[in-house]
Ligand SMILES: Cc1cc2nc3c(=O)[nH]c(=O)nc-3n(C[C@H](O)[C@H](O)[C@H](O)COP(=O)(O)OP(=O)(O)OC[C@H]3O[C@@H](n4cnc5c(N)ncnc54)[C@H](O)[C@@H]3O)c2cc1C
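Shown next as structure tokens: one chain only, the form predicted on its own.
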Amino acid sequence: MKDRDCRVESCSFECPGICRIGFSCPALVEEAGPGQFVMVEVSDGPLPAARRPFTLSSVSKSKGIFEIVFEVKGPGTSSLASSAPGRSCRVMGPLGRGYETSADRWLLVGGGLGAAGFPFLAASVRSARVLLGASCSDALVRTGGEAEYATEDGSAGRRGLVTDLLDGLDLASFDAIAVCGPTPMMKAVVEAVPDDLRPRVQVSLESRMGCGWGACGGCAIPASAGGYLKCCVDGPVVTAQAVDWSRMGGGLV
């Protein structure tokens, strides 16, 4: 865990309300793995003081640049989204446990901004087929690999939910399955995977984080073995079997 000065290299909006920022920090990039996250300073002033967690969306080790993608919701993210190239931000990271990437053939299933980390993952594995879902085409996070889309309004790909893209798919042909998105969507994907294949599923969990390094206990996730996992240090990427889905909002759907 290291705190670093990172320089903003680019800041743009993918679509209204969705911002992408590129930071230059060769030392952080060299240590980063897909699925890990960073805690970013969001304001130079006294308020808001708390940093925000962002998954590493894409990484260029040759250029020493990493990117984050996020929705602008409140004063913290609004301040960050107004960053001009050249701004210096304090960034802690890389943090957390990322994906175990030794498998060959991957299926990536993402919903909305849950897919923000998939470009980094897709670029880090040998082969990736990607299923992405969102409310509309503007909300899709485009990623590398062989991609298919589902949108609720039908503006891109198939009309419906990303889970609809699992219909007829031979899940046994994939060595690993990565899932990230809203909890109901992740539950539905896990349920769709046969019991004997569930050890292949890795989920990237989302939870409110205060510190990002295990001190505050604010990001607890119910564990299948009893008790809780800390999303920031035990995850955010864990096996699907490590999670007690029945305590994640009403059981599998």
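The first residue of the shown sequence is 1; numbering continues from there. The structure presented is a predicted model; accordingly, all values stated were derived computationally and were not measured.
A second form of this protein, the form predicted in complex with the named molecule, is not displayed here; the remarks below concern that form.
A.B. asks: So which stretch, 186-194, 24-32, 58-66, 202-210, is the one near the named molecule in the model of the complex (non-hydrogen atoms, 4.5 Å)?
C.D. replies: That would be 202-210.
A.B. asks: Taking the named molecule in the model of the complex, would G98, P119 and A178 all count as contacting it (heavy atom within 4.5 Å)?
C.D. replies: No, because G98, P119 and A178 lack any heavy atom that approaches the named molecule to within 4.5 Å in the model of the complex.
A.B. asks: Spell out, yes or no, whether the shortest heavy atom distance between G157 and the named molecule in the model of the complex is within 4.5 Å.
C.D. replies: Although the named molecule is absent here, G157 would stay clear of it in the model of the complex, with no heavy atoms inside 4.5 Å.
A.B. asks: Just checking whether E71 would be counted as a contact of the named molecule in the model of the complex - the rule being heavy atoms within 4.5 angstroms.
C.D. replies: Flag for E71 set to yes.
A.B. asks: Since only the chain is shown here, I'm wondering whether P85 would be in contact with the named molecule in the model of the complex (any heavy atom pair within 4.5 Å).
C.D. replies: No.
A.B. asks: I'd like to know if T77 sits close to the named molecule in the model of the complex, meaning any non-hydrogen atom pair within 4.5 angstroms.
C.D. replies: Yes, T77 lies within 4.5 Å of the named molecule in the model of the complex.
A.B. asks: Of M92, A103, C89, L113, which residue is found within 4.5 angstroms of the named molecule in the model of the complex when only non-hydrogen atoms are counted?
C.D. replies: Here the answer is residue option L113.
A.B. asks: Residue by residue through 162-201, tell me which have a non-hydrogen atom within 4.5 angstroms of the named molecule in the model of the complex.
C.D. replies: Heavy-atom contacts within 4.5 Å come from no residue here.
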